[in-house]
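Only one chain is included here, represented as structure tokens and corresponding to the form predicted alone.
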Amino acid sequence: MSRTAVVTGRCAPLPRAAARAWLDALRAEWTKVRTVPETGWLVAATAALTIAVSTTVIAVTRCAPGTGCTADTTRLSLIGVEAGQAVVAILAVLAITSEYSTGLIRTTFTAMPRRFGMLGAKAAVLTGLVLPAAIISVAGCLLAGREILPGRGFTAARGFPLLSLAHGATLRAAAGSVLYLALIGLLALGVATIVRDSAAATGIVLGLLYLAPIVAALVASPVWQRRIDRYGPTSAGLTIQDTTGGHLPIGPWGGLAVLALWAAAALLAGGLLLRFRDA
């Protein structure tokens, strides 16, 4: 048999087999995540909470005549993302810790011995859940800003045009906010895979998201304050929402890349522990 025949006859089916295995893994993970009772509620709560917080903040913010308003109306409209990320984190944590709490994880490992593949399938299914909720959330926030802000004094005459995705910076902030929420989900999934406990994982993730900016505000040293803002997952990631070109610790896409590195590191550490640690 020629070398070409060997390659064609024996190796060609392998990609198809791998693809089938991957699709089977995705179907299995989708079946598991949609049977978790909290999944539907958490996906809906992501959009509801994000839009509600943004609408509330917009409604109580006013640009009074005679005052020098300097607000970034796009970022102001998207402020609800900072609340919605908590729900996304909880959803991601439950995507894997629910299996540990019920003992289903052992069955999962038996059916899917390639643990990196299993974690990748979980990450893909989780992202597929978060992205639609994030798109609805961001669209709702921007629509609220477009409809409410002019009545609160943020008018074109004062230098605040209507929010529109035709504005490149606003489009970048909107798309980046969607990616931000997806990355928060992956970060939380990685942390939950590492610690394997719902309460502990949720506490760690929420601490990373909300305590780092507080610590940065309390640090006396401007150098350390800037470092925390530059490399913290929340402060760095949310720079993607800036549209005014103000003084930022890191550029918008650079900040989102920092969050992506946090998520990748958490998933890599979780995958390695899945491989070398008993379930």
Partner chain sequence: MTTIAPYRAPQRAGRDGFWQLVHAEWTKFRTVRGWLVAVVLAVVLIDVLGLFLVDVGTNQCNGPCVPAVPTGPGGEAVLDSFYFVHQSLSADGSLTVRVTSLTGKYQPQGGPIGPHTTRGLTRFVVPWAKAGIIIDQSTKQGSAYAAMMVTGQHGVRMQYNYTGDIAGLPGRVSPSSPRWLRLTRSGDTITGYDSADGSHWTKVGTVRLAGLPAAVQAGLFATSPVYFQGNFPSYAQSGGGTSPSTATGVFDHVSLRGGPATGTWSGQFTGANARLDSMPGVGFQHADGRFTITGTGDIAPIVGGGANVNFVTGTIADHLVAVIFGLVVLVVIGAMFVTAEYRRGMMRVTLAASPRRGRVLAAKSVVIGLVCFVLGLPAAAIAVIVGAMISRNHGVYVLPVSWLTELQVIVGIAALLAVAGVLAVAVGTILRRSVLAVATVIAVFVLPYILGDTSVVAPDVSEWMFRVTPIAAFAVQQSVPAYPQVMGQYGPPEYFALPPWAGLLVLCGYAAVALTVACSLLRTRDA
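No experiment lies behind these values; they were computed from the predicted model shown. Numbering follows the first chain given and starts at 1.
Omitted here: the form predicted in complex with its partner chain. The next part is about that form.
Engineer: Can you check 111-119, 137-145, 156-164, 74-82 and let me know which stretch has heavy atoms within 4.5 Å of its partner chain in the predicted complex?
Structural biologist: Among the candidates, contact is made by 74-82.
Engineer: Using a 4.5 Å heavy atom cut-off, state whether V223 contacts its partner chain in the predicted complex.
Structural biologist: Looking in the predicted complex, residue contacts with its partner chain do not include V223, since no heavy atom lies within 4.5 Å.
Engineer: According to a 4.5 angstroms non-hydrogen atom cut-off, is I51 in contact with its partner chain in the predicted complex?
Structural biologist: Contact check for I51: no, nothing within 4.5 Å of its partner chain in the predicted complex.
Engineer: Does any part of T127 reach within 4.5 Å of its partner chain in the predicted complex? Heavy atoms only, please.
Structural biologist: It does not: once its partner chain is placed as it appears in the predicted complex, T127 has no heavy atom within 4.5 Å of it.
Engineer: Mark L94 yes when one of its heavy atoms lies within 4.5 Å of a heavy atom of its partner chain in the predicted complex, and no otherwise.
Structural biologist: The answer is yes: L94 has a heavy atom within 4.5 Å of its partner chain.
Engineer: Give a yes or no on whether each residue among T39, V43 and T46 has a heavy atom within 4.5 Å of its partner chain in the predicted complex.
Structural biologist: No, none of the three is in contact.
Engineer: Among the candidate residues V195, L179, I105, I90, which is the single one with a non-hydrogen atom no more than 4.5 Å from its partner chain in the predicted complex?
Structural biologist: Only one listed residue qualifies here, and that residue is I90.
Engineer: What residues, if any, in 192-207 have a non-hydrogen atom within 4.5 angstroms of its partner chain in the predicted complex?
Structural biologist: Residues within 4.5 Å: D197, S198, A199, T202, G203, L206.
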